[in-house]
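Heads up, the chain below is alone and in the form predicted alone; it's given as structure tokens.
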């Protein structure tokens, strides 16, 4: 079981690497790593488990965050209608996105970043993501709202990009023209 001790922190070189594609069909080792990513985010949202193991709550985790430079992410998040998006994907890619932008009113955080980086992180309002599930079957998901932002954040990790790279350094709370403000 992954704990906070397994999650590398900001400044570690793996977080800035471009992760490698996972060969399909996935190996048993890669399946195990992917399953452990999802297990962490699910466990971290269970108050009892999180407290027992000292897990910081998260809605997504990417393999580079546990020092594995491979294209794997896990997301466990609900949208504004309480629909659960629980996915563990190999080689996820954004295959289309809206022109319209969105951002989280409260800003973004990251399990690999201990300090706070206040500011708006512009993201696409809607994305379509294609990837492969734990059995190597292709999956295509259309996302908006918080799930869309979460997937973009995790996919950024696969490309060595941190959420704060998107914040306008000169004016962190600058109005993002025509963007949807997401309040959660």
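Numbering follows the first chain given and starts at 1. The structure displayed is predicted, hence computed values, not measured ones.
Omitted from view is the form predicted in complex with a small molecule, to which the following refers.
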Would you confirm whether the three residues 60, 65 and 154 all fall within 4.5 Å of the small molecule in the model of the complex, going by non-hydrogen atoms?
yes
Is residue 111 a contact residue for the small molecule in the model of the complex, using a 4.5 Å heavy atom cut-off?
yes
Wondering, does residue 149 line up within 4.5 Å of the small molecule in the model of the complex on heavy atoms?
yes
Looking at heavy atoms inside 4.5 Å, which stretch does the small molecule contact in the model of the complex, given the options 129-137, 154-162, 27-35, 47-55?
154-162
